[in-house]
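Just one chain follows, in the form predicted on its own, and it is written as structure tokens.
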């Protein structure tokens, strides 16, 4: 009887297939980390050196302008999280990564991932496909913010594969993610209920 593959391996294998030997190159770099609700994996202005895999919990990333937080993404179980851009360019992160609830992560140094890229064609391909996946997500989010009304963004959220946001994230953070006030979100929800 074969044991079920590690959930992180299953996530990676949504991008590429790894041999057992290629997978075994990665676990020595993994460390479990617990982040309490409202604590940070990384704050804006710090240089990112590690990425993580969410075992349990919820996280968000946001930037701050003129003292106001702007939530741009949420992370749940079985997703990769972290200051990818800061890790790549070595510059201070423009965004913060905060736990929305008590969260458990497996973290790994970005340098370890880079080392795997140079040791294995499969890992190198994973890096390319991960970058493409992130680019697609960023473009989708940007286009939505620039072309859709707040109500259209909320409807899109309801109809998307991101239902965990509606189910598990506090309303004020959903409003922030949509670029509106909680009062505006409440009005949108009331209008949609009447339709």
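Not measured: the values here are computed from a predicted model. Positions refer to the first chain, counted from 1.
Below: the form predicted together with the DNA, not depicted.
- Listed stretches are 24 to 32, 147 to 155, 52 to 60, 132 to 140; the contact stretch with the DNA in the predicted complex is 147 to 155, by a heavy atom cutoff of 4.5 Å.
- Among heavy atoms of residue 17, none comes within 4.5 Å of the DNA in the predicted complex.
- Proximity of residue 187 to the DNA in the predicted complex: non-hydrogen atoms within 4.5 Å are present.
- Within this chain, residue 180 lines the site of the DNA in the predicted complex, having a heavy atom no more than 4.5 Å away.
- For residue 171, a non-hydrogen atom is located within 4.5 Å of the DNA in the predicted complex, even though that partner is not displayed.
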